[in-house]
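Only one chain is given next, in structure tokens, and it is the form predicted on its own.
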């Protein structure tokens, strides 16, 4: 049960990510797990820093499965990821909605409208509808704190996973937070057998699906009576229904309007919304991303206006909201030109892409800072789809291209990405080898550089940089039966690197080349961690 216990002396300036971490700690979340991805990364880092138990998983699917297992014991869990990470975790998410949970399970999906650091602009509100799980959408850091606690309450009350959808501006913007709410203490973890609820064979899954739909009806009724969606009375001529950061923009764009601020945005409180729509002469839905809310309300027979199609793309701001309200569909003013991103000077990846370009390779690329190899002066990447796709895409190219072209194909993948979802591609390479063989180039810089130098299972360090078991890529490749495995320093051994890559392309064998040299930004920290571990061993 959530209660208000205001302590006016405690006023914190927090980002949305920090607010979620603070609320999770205050609520007694036993385990935070996830995969680093902008704009969500700092949640688990901050949760660990302030005293929570947090860990990076190899990928988002594993993170959600670990959290689900913990939640079956009654423990409270937090799972974090960026929007495309929920694609990876969708398999357990959909079934977890059927099994339900015992302890709270809050899943943070951090969407990236405008693609500041992402390969697509998907709107993860659709996952709430498709999977059948409730979704909260905070509008600022105070909401992020409060809604995390409310999500924990709702999750345990209805025994369901809950999505907390934040966006880039919410994650990284700082506003005042007053931690005025408390939540009941978590129960002591214990395992109680419940085969019919947790083993989703068809005989048990069919009634589970019916229970899920009944549960959503109950949550809808609860949402109609809750204080999560509230009306701000203004001018009756214009009413605005808004969610998330869009509410903040709309309040500034049209302060005289009446507002329905949505907090628990799925399942929808249609009666509450209908009463609001009927109270104003004109009602506009202001939402970032796809017109999901407007479409749902129109399907329910409510007379609401949606934004014009051009505003479906990129982030909203106050100016764009004013234009939506005025019906202005003219082109957005051109964005100011910024400095294009580039690989750091002295980055070991530079040598790799220089060689790939010089050898005229067809490069199936992957997600990471090395994706910048597609830009000048290298222009040495031909595909980039999703985490881990480089190996599968490269194999597909090899299978169907004429032999002469096929021998030019190289799959390039980073160390963190390889652990995330490249290992199964390597298994596929061994299982279904192309006629011309294949070459996988692992760019191992000893960190997850693209999201801020986080650890992964290939570094031998946990989220808090403490030592743990390390996945050795060359040993893994050899254990799969790949005989041609080479490890080298791309800067010190540049000539050897080019020779080995040339020979591998001609060999028609399955080859793995590991270009290993620490990221320049991480090298000093890695040395410090290793020195600390060595000193600790000496003292022991």
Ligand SMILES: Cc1ncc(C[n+]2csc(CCOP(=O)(O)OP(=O)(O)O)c2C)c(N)n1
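Residue numbers count along the first chain shown, from 1. Computed from a predicted model, the values in this text were never measured in an experiment.
Not on display, but discussed next: the form predicted together with the named molecule.
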- [ ] Name the single residue among 466, 129, 119, 184 that comes within 4.5 Å of the named molecule in the model of the complex, judging by heavy atoms.
- [x] 119
Task: Heavy atom within 4.5 Å of the named molecule in the model of the complex - the one residue of 138, 289, 414, 161 that qualifies - done: 414
TODO: Counting only non-hydrogen atoms, choose the one of 323 to 331, 417 to 425, 187 to 195, 293 to 301 that falls within 4.5 Å of the named molecule in the model of the complex.
DONE: 417 to 425
Open item on the list: Would you classify residue 450 as touching the named molecule in the model of the complex, given a 4.5 Å non-hydrogen atom cut-off?
Closed with: yes
Open item on the list: in the model of the complex, does residue 461 come within 4.5 Å of the named molecule, counting heavy atoms only?
Closed with: no
Open item on the list: Is residue 85 part of the interface with the named molecule in the model of the complex - any heavy atom within 4.5 Å?
Closed with: yes
Open item on the list: At 4.5 Å between heavy atoms, is residue 445 in contact with the named molecule in the model of the complex?
Closed with: yes
TODO: Check each residue of 368 to 396 against the named molecule in the model of the complex and list those with a heavy atom within 4.5 Å, in sequence order.
DONE: 368, 369, 370, 387
